[in-house]
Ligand code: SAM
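One chain follows as structure tokens, the form predicted alone.
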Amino acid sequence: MKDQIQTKRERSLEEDNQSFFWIKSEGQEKLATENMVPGNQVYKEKLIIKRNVEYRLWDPFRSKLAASIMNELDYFPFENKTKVLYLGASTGTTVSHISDIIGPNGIIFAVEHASRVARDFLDRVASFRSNIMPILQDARKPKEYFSVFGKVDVVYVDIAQPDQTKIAIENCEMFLKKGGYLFLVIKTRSIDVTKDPKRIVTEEIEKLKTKFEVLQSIDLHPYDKDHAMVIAKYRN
């Protein structure tokens, strides 16, 4: 998978079935996704047209998934038709780029608990994209996600809670298919501000090992301080 991502950097826009792209802008190669809703911006990101196709630049300072790619992510299971459960949708920056990638035949069940943020997400993102199912609910209550159907390929967790790993595991037990992927953003300062961040990441990874094969842990510096992305494969 690492070789595949490296290859993506080297391939041209002529190749089909790419999940994301590297586009030259202002003299630099920048990460981008093909815009599912041409002309529509989510967070004032730059739109670039190449060969009659519109792309959205994907800002790694605004998206932890983009930051993970920039910091040598080895696994990228998001592709056409992927089903995703996303906890902590917020205003939808990363959700919108995953939406671009999975296309109209994929689906994102996007869970957000804060009603004001969820309204903004609905108005600016979900209302324009048919493959997003917004869910206004607490991630601690997965039994109350009445809109989720079937098992998902990926559970993506980006929530600021001390028990974020426990919440992630409970959601995976209910919705993640066997062999599916967990993307867990570990926000060390939300867990314990007194402990060394690296120690916290190690401790949270240990909690996953009974049910998951931990594949990779990525420090998100310089894009996010004291954050890590952990990618794991569900064994149960």
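In this text, all values refer to a predicted model and were calculated from it rather than measured experimentally. For every residue, the number given is its place in the sequence shown, counted from 1.
The next section is about a form of this same protein that is not shown, the form predicted together with the named molecule.
Asks: Would the named molecule be touched by all three of G88, E112 and V117 in the model of the complex, meaning a heavy atom each within 4.5 Å?
Replies: Yes.
Asks: Of the residues K151, K166, R124, R140, which one places a heavy atom within 4.5 Å of the named molecule in the model of the complex?
Replies: Selected residue: R140.
Asks: Which listed residue (L73, I101, I159, I107) meets the criterion of a heavy atom within 4.5 Å of the named molecule in the model of the complex?
Replies: That would be I159.
Asks: Wondering, does N131 line up within 4.5 Å of the named molecule in the model of the complex on heavy atoms?
Replies: Judged by the heavy-atom cut-off of 4.5 Å, N131 is well away from the named molecule in the model of the complex.
Asks: Please tell me whether any heavy atom belonging to T82 falls inside 4.5 Å of a heavy atom of the named molecule, as the geometry stands in the model of the complex.
Replies: Contact with the named molecule, no.
Asks: Does any part of K30 reach within 4.5 Å of the named molecule in the model of the complex? Heavy atoms only, please.
Replies: The answer is no: K30 has no heavy atom within 4.5 Å of the named molecule.
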